[in-house]
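So this first bit is one chain, no partners, the form predicted alone, shown in structure tokens.
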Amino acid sequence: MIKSKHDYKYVGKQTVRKDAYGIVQGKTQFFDDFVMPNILIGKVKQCPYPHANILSIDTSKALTLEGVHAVITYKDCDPNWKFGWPPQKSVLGTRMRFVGDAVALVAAETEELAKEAIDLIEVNYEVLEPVFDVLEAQKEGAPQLYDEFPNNIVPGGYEVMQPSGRWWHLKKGDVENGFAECAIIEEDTIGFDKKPGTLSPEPPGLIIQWEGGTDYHVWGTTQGIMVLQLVNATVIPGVHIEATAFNVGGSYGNKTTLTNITIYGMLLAKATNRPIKMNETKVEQMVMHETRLGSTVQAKIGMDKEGVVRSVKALWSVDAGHFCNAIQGQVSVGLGEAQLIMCKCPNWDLDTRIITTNKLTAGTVRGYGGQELNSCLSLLMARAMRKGNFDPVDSFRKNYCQAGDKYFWRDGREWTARSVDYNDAILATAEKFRWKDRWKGWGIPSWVSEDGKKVRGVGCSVIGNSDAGESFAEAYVRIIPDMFKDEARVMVHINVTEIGNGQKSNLLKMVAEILNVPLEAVQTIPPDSRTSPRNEGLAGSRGTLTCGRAVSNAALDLRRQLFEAAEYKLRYPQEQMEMFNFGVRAKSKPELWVPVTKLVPDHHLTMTGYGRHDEDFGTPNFFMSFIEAEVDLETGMTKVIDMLGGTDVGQIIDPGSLEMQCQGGIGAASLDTALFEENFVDPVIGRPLTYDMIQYKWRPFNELPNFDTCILESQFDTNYFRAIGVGEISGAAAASACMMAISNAIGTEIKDYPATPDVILKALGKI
């Protein structure tokens, strides 16, 4: 069990989650528990072809079916309403761009009626040639998805995320001179292009009500209310969306914008003037919902004789699928993360292209662009280490960002790292894994079975993310005195959805710590855009720092107000006061105590503190993965034997949540993108072949490998508790670490994700 070495009352201690009893007793409200009267079911008629034009469509039979209230096609939809950044794909159009594209929308009394109506809609298609590969899509003469995007290339950068100007191309120094001075140069094309799905256990779903004019209200499974509002308001200009979220049954960063079903539900809600429920089945989630980015990187990396990267030239082609849904942000974060792992490199020419193809669209997901690019660049970086016979632990340590290093981030601006130093974390994690004993050298197995049929190898990799401080966040902390006793309750107003990792509960621990009140007395309001201050939500990497700073500052502001009020009552200086037993007392004269009931106006009104986090990309976090993998040389099957993750979190907030974040990084499109997770699309007809949990290979809980952690607490200069978040990146380096382990086990380089048995047997020359 992870333990904190610092002495707080709640922070750093293992406490029962505030929502624990409600969840295990079935009292916590999830989306499926929410009901509304008069509701209709919304469904989508999907296109069976990857690329086609609708020549004609007849909805007359569907409309005559009793219980069907609306059937909407492109004929009923403003062609200027478009998905994507920049706006590109008509909400409902005549051009179909992937298997599953929306042909028509149906609202009916039941799901069965909606499906029956869908089958009655008659459509004639003109089938077009599709394109599924990002390199093929860029060639002259390739099928075009959008006339405004020649060679299927979407404009890079986006002003909303980059106030100083659109940014998608990292240029710095002189790469050719840099390569001329390098001792080692490696160059190759590496693909992390199978677009795995993150497959949250609870599929996306929402209920939408039209409230007149351009106003709508959404109740949904989003993990980020503000992001849902922001992205979907750009699709239909002028609309106003309010939103309420429930506890979310897992999201993995993948249930944020809920773009398609939000817009489809809005159209049906207005057409019927009744609330619409859009709830994807597991199969619909797998064939219609957003995937991880597909990445193909053509790269050249140069190192000096000390194992430090000195020059990088690369083109990152990103497979957006059939439209670009705010992927520019992920691309720019990927550029930032590439610099963090090679932060001593002075020469960069790393260009990017977002490419549309006739596949399922990519979208927001844990790792947010950095994981995809890192999985490619760190493999090539490892090959340069191998060529120079450098110990990878030493080389990663020499290259990773430290305080004083500079890098460009998602906003297109150059930042200087401050406070952070992960050298000790790297060394401590390597020691705990017993790296020096287990590492035998490049291409040399760490263990061979007696019969020689099975071999093991070890590998490691690193990743970091400055999104730990992304986005502004604000919070209110309100103290509510009891009307009859000298006690109080504390209500935290912050717009966060609990996504399964306990972070929302951890925010309340920070407030209880600062106000020195029992944790049981601190509560929070449900996430609702009408009543909550704004922030982008508890994405895994940024909640601790951003929302943690906002609630801490709000609690400190409230405490300051209470001290000011107590100064008059106690006749004692504020700087010598402390919170105690729902009141304020003098530190050196404990008998001087006044309850909050005597400090708030009129003895029964409330007092509120306000706190804010201002966006700050100057304190990147870090995670290092070590893996030992075993390969069966006869079958090509690989299994992970041992795994260790390490970092420095500044200050542990909750040991259980931190451990769960580290373990959560193993699954869901992380480690196993190196072994078996991938979305298969039939290359001829374009249909997804991994459409359910039988076809899509995923690691069940009972097959999780042995996993341990190494956590340091160096008390970084970040927020009140000197903590920094780590959740989102906890598994992001595991795929490339696993590939290194496999390569060392079998003595041959593996570069094709995932390293399925056929890939390994091919590398061994056995097929």
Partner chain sequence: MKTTLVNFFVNGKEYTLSVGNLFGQLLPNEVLVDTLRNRFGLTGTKIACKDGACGCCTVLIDGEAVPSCEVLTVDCEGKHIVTIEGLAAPDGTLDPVQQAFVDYYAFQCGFCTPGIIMATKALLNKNPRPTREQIQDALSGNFCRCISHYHVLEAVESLVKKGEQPA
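Here, rigid core means the biggest group of C-alpha atoms that superpose within 1.5 Å across both forms. Numbering follows the first chain given and starts at 1. Everything quoted here is computed from the prediction, not taken from an experiment.
There is another form of the same protein, the form predicted in complex with the partner chain; it is not shown, and what comes next is about it.
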Problem set entry | Residue contact check: Pro203 to the partner chain in the model of the complex, 4.5 Å heavy atom | yes
Exercise. With the cut-off set at 4.5 Å between non-hydrogen atoms, does Asp692 touch the partner chain in the model of the complex?
Worked result: yes
Problem set entry | Close approach of Tyr125 to the partner chain in the model of the complex, 4.5 Å, heavy atom | no
Exercise. Using 4.5 Å between non-hydrogen atoms, is Val248 touching the partner chain in the model of the complex?
Worked result: yes
For this session: Flag this candidate site as yes only if Gln25, Leu199 and Phe707 all have a heavy atom within 4.5 Å of the partner chain in the model of the complex; otherwise mark no.
Result: yes
For this session: Could you tell me which stretch in 419 to 427, 662 to 670, 354 to 362, 182 to 190 has residues with non-hydrogen atoms within 4.5 Å of the partner chain in the model of the complex?
Result: 662 to 670
For this session: Identify, from the list Asn152, Thr619, Gln651, Asn501, the residue with a heavy atom within 4.5 Å of the partner chain in the model of the complex.
Result: Asn501
Exercise. Of 1 to 31, which residues get within 4.5 Å of the partner chain in the model of the complex if you count heavy atoms?
Worked result: Met1, Gln14, Val16, Arg17, Ala20, Tyr21, Ile23, Val24, Gln25, Gly26, Thr28, Phe30
Exercise. With both forms fit on the core, has Lys27 moved 2 Å or more by CA between the shown form and the other one?
Worked result: yes
